[in-house]
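Shown below, as C-alpha coordinates, is a lone chain in the form predicted alone; questions about how it binds or moves come after it.
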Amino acid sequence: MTDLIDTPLTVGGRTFTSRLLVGTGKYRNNQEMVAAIAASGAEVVTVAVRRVDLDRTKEEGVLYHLDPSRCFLLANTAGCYTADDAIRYARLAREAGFNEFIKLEVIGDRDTLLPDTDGLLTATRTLAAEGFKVMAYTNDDLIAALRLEEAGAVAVMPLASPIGSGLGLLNPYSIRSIKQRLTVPVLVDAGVGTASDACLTMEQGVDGILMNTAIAEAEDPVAMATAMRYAVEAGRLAFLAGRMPRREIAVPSSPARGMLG
(Lines give C-alpha, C1' and ligand atoms only; values in the text may rest on other atoms or scores of the structure.)
Protein backbone atom coordinates (compact mmCIF):
# COMPACT_ATOMS: atom_id res chain seq x y z
CA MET A 1 0.00 0.00 0.00
CA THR A 2 1.07 3.60 -0.55
CA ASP A 3 0.19 6.86 1.17
CA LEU A 4 0.76 8.86 -2.03
CA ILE A 5 -2.31 10.91 -2.92
CA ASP A 6 -2.64 12.34 -6.41
CA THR A 7 -4.88 15.20 -7.43
CA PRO A 8 -7.25 14.70 -10.36
CA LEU A 9 -6.49 16.14 -13.78
CA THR A 10 -8.19 19.51 -14.14
CA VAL A 11 -8.23 21.36 -17.47
CA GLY A 12 -10.09 24.59 -18.01
CA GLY A 13 -12.16 24.06 -14.88
CA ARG A 14 -13.17 20.52 -15.87
CA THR A 15 -11.92 17.59 -13.77
CA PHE A 16 -11.09 14.10 -15.06
CA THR A 17 -10.03 10.90 -13.34
CA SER A 18 -8.02 9.40 -16.20
CA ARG A 19 -4.83 11.08 -17.45
CA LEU A 20 -5.04 9.23 -20.76
CA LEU A 21 -6.86 10.96 -23.63
CA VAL A 22 -7.53 9.08 -26.88
CA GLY A 23 -8.43 9.79 -30.48
CA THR A 24 -10.88 8.17 -32.88
CA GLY A 25 -8.96 7.98 -36.17
CA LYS A 26 -7.32 5.09 -38.06
CA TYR A 27 -9.33 2.23 -36.53
CA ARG A 28 -10.29 -0.68 -38.77
CA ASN A 29 -13.95 -0.26 -37.87
CA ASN A 30 -16.15 1.56 -35.37
CA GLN A 31 -16.66 -1.50 -33.19
CA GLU A 32 -12.93 -1.82 -32.65
CA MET A 33 -12.74 1.88 -31.84
CA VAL A 34 -15.47 1.64 -29.20
CA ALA A 35 -13.88 -1.42 -27.58
CA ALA A 36 -10.43 0.19 -27.48
CA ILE A 37 -11.76 3.43 -25.97
CA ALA A 38 -13.52 1.44 -23.26
CA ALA A 39 -10.38 -0.58 -22.52
CA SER A 40 -8.27 2.59 -22.26
CA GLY A 41 -10.37 3.97 -19.44
CA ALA A 42 -10.09 7.39 -21.08
CA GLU A 43 -12.79 9.97 -20.39
CA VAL A 44 -11.67 12.48 -23.03
CA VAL A 45 -12.10 11.36 -26.65
CA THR A 46 -11.02 13.60 -29.52
CA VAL A 47 -12.87 13.95 -32.82
CA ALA A 48 -11.42 15.58 -35.93
CA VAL A 49 -14.13 18.02 -37.03
CA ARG A 50 -12.72 18.32 -40.52
CA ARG A 51 -12.55 14.57 -41.11
CA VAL A 52 -15.76 13.12 -39.70
CA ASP A 53 -19.43 13.36 -40.59
CA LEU A 54 -20.99 15.62 -37.98
CA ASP A 55 -24.40 13.98 -38.45
CA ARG A 56 -24.76 11.90 -35.27
CA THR A 57 -27.68 9.88 -36.69
CA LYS A 58 -25.64 8.02 -39.33
CA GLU A 59 -24.61 4.59 -38.04
CA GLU A 60 -21.52 4.47 -40.23
CA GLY A 61 -20.23 7.69 -38.68
CA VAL A 62 -17.89 7.98 -35.70
CA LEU A 63 -20.18 10.23 -33.66
CA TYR A 64 -23.05 7.73 -33.77
CA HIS A 65 -20.94 5.37 -31.65
CA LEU A 66 -19.75 7.90 -29.05
CA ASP A 67 -22.07 8.57 -26.12
CA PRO A 68 -21.51 12.13 -24.80
CA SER A 69 -22.92 11.05 -21.45
CA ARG A 70 -20.12 8.50 -21.06
CA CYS A 71 -17.16 10.34 -22.60
CA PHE A 72 -16.12 13.96 -22.95
CA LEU A 73 -16.00 14.72 -26.68
CA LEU A 74 -13.12 17.03 -27.54
CA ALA A 75 -13.31 18.51 -31.04
CA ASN A 76 -9.98 19.04 -32.77
CA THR A 77 -8.85 20.96 -35.83
CA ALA A 78 -6.67 18.22 -37.32
CA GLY A 79 -5.90 18.81 -40.99
CA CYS A 80 -5.90 22.61 -40.74
CA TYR A 81 -2.87 24.37 -42.23
CA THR A 82 -3.78 27.98 -41.51
CA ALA A 83 -5.06 29.87 -38.49
CA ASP A 84 -8.16 30.91 -40.46
CA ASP A 85 -9.02 27.29 -41.23
CA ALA A 86 -8.52 26.21 -37.62
CA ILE A 87 -10.69 29.07 -36.35
CA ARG A 88 -13.41 28.23 -38.87
CA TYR A 89 -13.54 24.56 -37.91
CA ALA A 90 -13.51 25.36 -34.19
CA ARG A 91 -16.57 27.55 -34.73
CA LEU A 92 -18.18 24.79 -36.80
CA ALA A 93 -17.64 22.33 -33.97
CA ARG A 94 -19.39 24.63 -31.53
CA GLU A 95 -22.30 25.12 -33.93
CA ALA A 96 -22.52 21.33 -34.33
CA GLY A 97 -23.11 20.90 -30.61
CA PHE A 98 -19.65 20.27 -29.22
CA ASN A 99 -18.60 21.89 -25.94
CA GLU A 100 -16.40 24.98 -25.60
CA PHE A 101 -13.17 22.96 -25.47
CA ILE A 102 -11.11 22.71 -28.64
CA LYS A 103 -7.90 20.85 -29.31
CA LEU A 104 -6.20 23.33 -31.60
CA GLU A 105 -3.93 22.16 -34.39
CA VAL A 106 -2.38 24.39 -37.04
CA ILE A 107 0.03 22.33 -39.11
CA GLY A 108 2.95 24.08 -40.76
CA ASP A 109 4.45 21.35 -42.93
CA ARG A 110 2.75 18.55 -44.87
CA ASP A 111 5.71 16.17 -44.70
CA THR A 112 6.58 16.34 -41.00
CA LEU A 113 3.15 17.55 -39.78
CA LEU A 114 4.96 19.82 -37.35
CA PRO A 115 2.93 22.72 -35.90
CA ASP A 116 2.97 26.28 -37.18
CA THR A 117 3.72 28.33 -34.06
CA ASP A 118 2.67 31.69 -35.51
CA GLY A 119 -0.62 30.26 -36.73
CA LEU A 120 -1.23 28.60 -33.37
CA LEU A 121 -0.72 31.86 -31.50
CA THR A 122 -3.05 33.75 -33.82
CA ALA A 123 -5.78 31.12 -33.59
CA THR A 124 -5.38 30.76 -29.82
CA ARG A 125 -5.82 34.48 -29.21
CA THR A 126 -8.90 34.65 -31.43
CA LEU A 127 -10.61 31.55 -30.05
CA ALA A 128 -9.81 32.32 -26.41
CA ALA A 129 -11.36 35.77 -26.88
CA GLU A 130 -14.49 34.05 -28.23
CA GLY A 131 -14.84 31.90 -25.12
CA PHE A 132 -13.20 28.71 -26.35
CA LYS A 133 -11.05 26.71 -23.96
CA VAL A 134 -8.06 26.09 -26.18
CA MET A 135 -5.82 23.06 -25.76
CA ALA A 136 -2.97 23.86 -28.12
CA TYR A 137 -0.87 21.19 -29.87
CA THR A 138 2.66 22.50 -30.34
CA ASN A 139 6.35 21.66 -30.70
CA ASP A 140 8.47 20.71 -27.69
CA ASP A 141 9.62 24.32 -27.51
CA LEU A 142 9.54 26.16 -24.19
CA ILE A 143 9.18 29.64 -25.69
CA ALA A 144 6.27 28.56 -27.91
CA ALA A 145 4.61 26.93 -24.90
CA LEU A 146 4.99 30.08 -22.80
CA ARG A 147 3.56 32.24 -25.59
CA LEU A 148 0.55 29.93 -25.97
CA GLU A 149 -0.16 30.14 -22.24
CA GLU A 150 0.04 33.94 -22.47
CA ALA A 151 -2.32 33.85 -25.47
CA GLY A 152 -5.00 32.17 -23.38
CA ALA A 153 -4.58 28.43 -23.85
CA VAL A 154 -6.02 26.37 -20.96
CA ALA A 155 -3.59 23.55 -21.73
CA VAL A 156 -0.44 23.23 -23.82
CA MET A 157 0.21 19.97 -25.67
CA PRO A 158 3.82 19.53 -26.80
CA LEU A 159 4.67 16.59 -29.02
CA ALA A 160 6.82 13.66 -27.90
CA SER A 161 7.80 13.13 -31.55
CA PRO A 162 6.07 13.76 -34.90
CA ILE A 163 2.42 12.75 -35.36
CA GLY A 164 2.00 9.05 -36.12
CA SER A 165 5.74 8.33 -35.93
CA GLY A 166 5.69 6.09 -32.86
CA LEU A 167 9.22 7.21 -32.07
CA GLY A 168 8.43 7.86 -28.43
CA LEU A 169 9.73 10.71 -26.28
CA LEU A 170 12.69 12.25 -28.12
CA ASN A 171 13.51 15.13 -25.78
CA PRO A 172 12.64 14.52 -22.12
CA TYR A 173 14.53 17.66 -21.08
CA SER A 174 12.33 19.91 -23.21
CA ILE A 175 9.15 18.32 -21.90
CA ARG A 176 10.31 18.68 -18.29
CA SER A 177 11.25 22.31 -18.89
CA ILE A 178 7.83 23.10 -20.31
CA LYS A 179 6.08 21.41 -17.41
CA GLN A 180 8.22 23.21 -14.84
CA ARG A 181 7.63 26.66 -16.32
CA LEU A 182 3.93 26.60 -17.23
CA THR A 183 1.04 27.00 -14.82
CA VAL A 184 -1.59 25.49 -17.13
CA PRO A 185 -1.68 21.68 -17.60
CA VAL A 186 0.88 20.15 -19.95
CA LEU A 187 -0.39 17.15 -21.90
CA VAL A 188 1.99 15.37 -24.26
CA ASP A 189 0.43 14.76 -27.66
CA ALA A 190 1.75 12.70 -30.59
CA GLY A 191 4.61 10.26 -31.03
CA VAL A 192 4.01 7.73 -28.25
CA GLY A 193 4.30 4.26 -29.80
CA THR A 194 3.96 1.73 -27.03
CA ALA A 195 3.39 1.35 -23.30
CA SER A 196 7.01 1.94 -22.29
CA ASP A 197 6.91 5.28 -24.17
CA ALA A 198 3.81 6.29 -22.24
CA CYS A 199 5.33 5.34 -18.92
CA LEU A 200 8.57 7.24 -19.62
CA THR A 201 6.59 10.29 -20.74
CA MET A 202 4.49 10.36 -17.59
CA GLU A 203 7.64 10.02 -15.48
CA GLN A 204 8.61 13.52 -16.67
CA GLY A 205 5.81 14.91 -14.51
CA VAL A 206 3.39 15.90 -17.28
CA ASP A 207 -0.32 16.00 -16.54
CA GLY A 208 -1.42 13.49 -19.16
CA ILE A 209 -0.99 12.03 -22.64
CA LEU A 210 -3.16 12.14 -25.75
CA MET A 211 -2.66 9.30 -28.22
CA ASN A 212 -4.36 7.74 -31.22
CA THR A 213 -2.14 5.92 -33.70
CA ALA A 214 -0.31 3.88 -31.07
CA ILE A 215 -3.59 2.23 -30.12
CA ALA A 216 -5.46 2.23 -33.44
CA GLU A 217 -2.58 0.76 -35.48
CA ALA A 218 -1.55 -1.87 -32.93
CA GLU A 219 -2.13 -5.47 -33.99
CA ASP A 220 -4.58 -5.71 -31.10
CA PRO A 221 -5.90 -2.21 -30.33
CA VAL A 222 -7.93 -3.33 -27.33
CA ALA A 223 -4.95 -5.01 -25.69
CA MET A 224 -2.74 -1.99 -26.46
CA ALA A 225 -5.36 0.38 -25.03
CA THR A 226 -5.30 -1.66 -21.82
CA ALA A 227 -1.50 -1.54 -21.73
CA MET A 228 -1.54 2.23 -22.26
CA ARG A 229 -4.03 2.68 -19.45
CA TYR A 230 -1.76 0.97 -16.94
CA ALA A 231 1.43 2.51 -18.37
CA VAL A 232 0.07 6.03 -17.85
CA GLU A 233 -0.93 5.14 -14.29
CA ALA A 234 2.45 3.53 -13.59
CA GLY A 235 4.41 6.47 -14.99
CA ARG A 236 2.38 8.92 -12.95
CA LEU A 237 2.89 6.92 -9.76
CA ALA A 238 6.62 6.60 -10.44
CA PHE A 239 6.87 10.38 -10.85
CA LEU A 240 5.03 10.97 -7.60
CA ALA A 241 7.18 8.37 -5.83
CA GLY A 242 10.43 10.04 -6.89
CA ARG A 243 13.07 7.89 -8.55
CA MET A 244 16.42 7.03 -7.00
CA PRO A 245 19.37 9.23 -8.06
CA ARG A 246 21.46 8.13 -11.04
CA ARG A 247 25.03 7.22 -10.14
CA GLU A 248 28.12 6.39 -12.17
CA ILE A 249 29.36 3.88 -9.60
CA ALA A 250 27.87 0.75 -8.13
CA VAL A 251 26.35 1.02 -4.65
CA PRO A 252 25.57 -2.20 -2.79
CA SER A 253 21.95 -2.67 -1.81
CA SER A 254 23.01 -4.02 1.60
CA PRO A 255 25.40 -2.20 4.01
CA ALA A 256 28.98 -3.47 4.21
CA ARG A 257 29.17 -2.91 7.96
CA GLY A 258 28.26 -5.72 10.27
CA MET A 259 28.84 -8.47 7.70
CA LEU A 260 29.78 -11.88 9.02
CA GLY A 261 33.45 -12.69 8.52
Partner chain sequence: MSDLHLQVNGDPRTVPGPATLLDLLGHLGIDPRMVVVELNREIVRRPRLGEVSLGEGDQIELVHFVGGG
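Note that the structure is a prediction, hence the values are computed from the model and not measured. Positions refer to the first chain, counted from 1.
Below, we turn to the form predicted in complex with the partner chain, even though it does not appear here.
Colleague: Hey, in the predicted bound form, is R125 touching the partner chain, heavy atoms inside 4.5 Å?
Modeller: Judged by the heavy-atom cut-off of 4.5 Å, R125 is well away from the partner chain in the predicted bound form.
Colleague: May I ask you to state whether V106 is within 4.5 Å of the partner chain in the predicted bound form, using heavy atom distances?
Modeller: Contact check for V106: no, nothing within 4.5 Å of the partner chain in the predicted bound form.
Colleague: Should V134 be classed as touching the partner chain in the predicted bound form when contacts are defined as heavy atoms within 4.5 Å?
Modeller: Looking in the predicted bound form, residue contacts with the partner chain do not include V134, since no heavy atom lies within 4.5 Å.
Colleague: Though only this chain appears here, would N212 touch the partner chain in the predicted bound form if you measure heavy atom gaps against 4.5 Å?
Modeller: Flag for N212 set to yes.
Colleague: Taking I143, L146 and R176 together, does each of them reach the partner chain in the predicted bound form with some heavy atom inside 4.5 Å?
Modeller: Checked in the predicted bound form: no contact with the partner chain for any of the three.
Colleague: Out of 92-100, 108-116, 147-155, 180-188, where are the residues with a heavy atom within 4.5 Å of the partner chain in the predicted bound form?
Modeller: It is 92-100 that comes within 4.5 Å of the partner.
Colleague: Find the only residue in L54, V34, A234, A218 having a heavy atom within 4.5 Å of the partner chain in the predicted bound form.
Modeller: The residue in contact is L54.
Colleague: May I ask you to list the residues of 15-52 that have any heavy atom within 4.5 angstroms of the partner chain in the predicted bound form, in sequence order?
Modeller: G23, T24, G25, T46, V47, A48, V49, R50, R51, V52, in sequence order.
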